[in-house]
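This document starts with one chain, in the form predicted on its own, laid out as structure tokens.
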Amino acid sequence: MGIPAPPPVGDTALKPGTFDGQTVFITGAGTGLGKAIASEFARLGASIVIASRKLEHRQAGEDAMKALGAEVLTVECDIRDPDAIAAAFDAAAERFGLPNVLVNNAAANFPVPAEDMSPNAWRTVVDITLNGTFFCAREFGRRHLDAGTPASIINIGATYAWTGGPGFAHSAAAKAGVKNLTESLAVEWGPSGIQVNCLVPGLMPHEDMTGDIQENLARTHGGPNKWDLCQPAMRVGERQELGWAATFLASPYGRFISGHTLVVDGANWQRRSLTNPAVVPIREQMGKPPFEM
């Protein structure tokens, strides 16, 4: 039977207009889970700022927000560059005023055995996923500290921040940093009214899933038609379920929750077998030949 399916896209648990007059700044919100989060804030009245490097992603996000009747601004931004981040927040403030909510959604990830990983691959993923999250939070936090206004930050994490991520050492290390950063900033900035949380998605199929990740899922989980059978909930997540969690955390009803990492994955990351399955090396799971220098 599993966990029941969620309400349809468009349903909201919070009151209509919960975010009227507020602005939500979301990185990487043109597609995938970022767009799903932005959509739920938009449905509740928020103005949306989408920060992304790619024009086609910004356009896709803008079209989606306008279809929901939301005010939207898109800004080109490489979150590895603090000056670009400052310029993006300047543009947001000029259009809507200082954003009330920041969602650090943008990240980089691809599966690779650690021995095959180039120094540049390591640096790129850590730079976007961890450094970019900090640089955006820092810019947002400094502006609210200076203005003396309350705010909410939601960082997007991953369950391998706790468990480690074989095949994803770069991303797992970076996401562990994001989780710790969330906890540190929540304590530092709480006295000034800034709430900081982390939101972790489970398997929620979307268009941003790269081909190599989809291939690995198909190889190890039997393909999309069998992914449900690999989840304790007996189904994968729907992307709006992550958006609903985000809107709750940033709403007036979730403000006493801070420094917390909320996992939205139907308990999948806590699953254990009664007996340990045979160990299959990561290279074999990825269909790669034995390593050679």
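Residue indices: 1-based, along the sequence shown. Here the structure is a predicted model, which means the values were calculated and not measured.
As for the form predicted in complex with a small molecule, it is not shown, yet the points below apply to it.
In short, of 245 to 253, 226 to 234, 47 to 55, 61 to 69 it is 47 to 55 that has heavy atoms within 4.5 Å of the small molecule in the predicted bound form.
Shown alone here, Glu188 lies farther than 4.5 Å from the small molecule in the predicted bound form, counting heavy atoms only. Within this chain, Leu33 lines the site of the small molecule in the predicted bound form, having a heavy atom no more than 4.5 Å away. Although the partner is absent here, Asp78 is a contact residue: one of its heavy atoms lies within 4.5 angstroms of the small molecule in the predicted bound form. The small molecule in the predicted bound form comes within 4.5 Å of a heavy atom belonging to Gly157.
Only one of Val112, Met204, Leu73, Ala161 comes within 4.5 Å of the small molecule in the predicted bound form through a heavy atom, and that residue is Met204. Distance criterion of 4.5 Å from any heavy atom to the small molecule in the predicted bound form singles out Ile128 from the list Ile194, Ala172, Leu181, Ile128.
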